[in-house]
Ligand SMILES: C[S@@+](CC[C@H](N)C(=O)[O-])C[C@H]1O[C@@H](n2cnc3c(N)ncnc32)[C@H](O)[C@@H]1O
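Have a look below at one chain only, the form predicted on its own, in structure tokens format.
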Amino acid sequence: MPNDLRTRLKGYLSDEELKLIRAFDIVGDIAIVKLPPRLLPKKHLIGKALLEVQKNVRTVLNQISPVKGDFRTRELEVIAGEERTETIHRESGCSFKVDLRKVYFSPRLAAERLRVAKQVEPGEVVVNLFAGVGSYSIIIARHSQAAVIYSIDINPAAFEYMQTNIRINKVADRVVPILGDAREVVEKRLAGKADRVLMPLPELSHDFFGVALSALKPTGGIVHFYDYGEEPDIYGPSLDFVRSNAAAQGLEIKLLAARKIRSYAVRCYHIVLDLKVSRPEI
């Protein structure tokens, strides 16, 4: 928690209560907090204080449910400021219009999105299996010379915002938005086409790893495999999984990079493996 917010709330909350306020996210001009039950009677006070110390924030939302369901949405309530959940978030020279009640968006992945974009080589065909509002896809289009980025999502609201964001960022010549289940889309339209596949949804990475492999060109390519890893062996189980599943299809895996993106829980991390997939006989 920023010191200025702690100072603003001192005298209104006890020292024990102050410790219960964790870090918050800012998306555009909206702040999102997750208040524990003990602090709910003081939620409007906390929201007002946050507005006062974060001058660019116009709305404060309290997250009242976990992210859940196929559409990756969460329940939010306005606890201070303007009654809205839609905003425009700016990142890496791009603008993203989002409604935080209808779609999932995390500003904490900004560095990771740009890191991936800077790896894309000129002329690559990229397939993004879980594109959301298009953040990875659009940043890749703006920061690389990829030939085309196929941008898939199953959430109709996310798809609509993705289309809007493609227009806002003027990348319609290279980002192709697709509404549907990634498994079906790859099977019908994109099998064997990709030089690079993104899997930016760790909850589904194991179920869809075979889909990612089938999207790659026959000679192979790069897969960005997102997962959760726990101490003491943060990367080992994920690496064992991808290697064994690739081997079952006659493919080899070379680990290019493994990194922690952020802490997810105690001793648990959101991680990414950058994988080079190849077929030995080719």
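One rule holds for the numbers: they count along the sequence shown, beginning at 1. Note that the structure is a prediction, hence the values are computed from the model and not measured.
Note that the form predicted together with the ligand isn't included here; everything after this is about it.
Residues 209, 222 and 247 are none of them found to lie within 4.5 Å of the ligand in the predicted bound form, as judged by heavy atom distances. Only one of 131, 186, 194, 140 comes within 4.5 Å of the ligand in the predicted bound form through a heavy atom, and that residue is 131. This chain is drawn without the ligand; in the predicted bound form, the residue among 231, 70, 252, 52 with a heavy atom within 4.5 Å of it is 70. Picking from 131-139, 116-124, 166-174, 82-90 the stretch near the ligand in the predicted bound form, with a 4.5 Å limit on heavy atoms, gives 131-139. Among residues of the shown chain, residue 181 is one whose heavy atoms approach the ligand to within 4.5 Å in the predicted bound form.
Looking at residue 152, you'd find a heavy atom of it within 4.5 angstroms of the ligand in the predicted bound form. In the predicted bound form, the ligand stays beyond 4.5 Å of every heavy atom belonging to residue 148. Of the heavy atoms in residue 109, some are within 4.5 Å of the ligand in the predicted bound form. The partner is not shown here, but in the predicted bound form the stretch 188-222 reaches within 4.5 angstroms of the ligand through a heavy atom at 200, 201, 204, 208.
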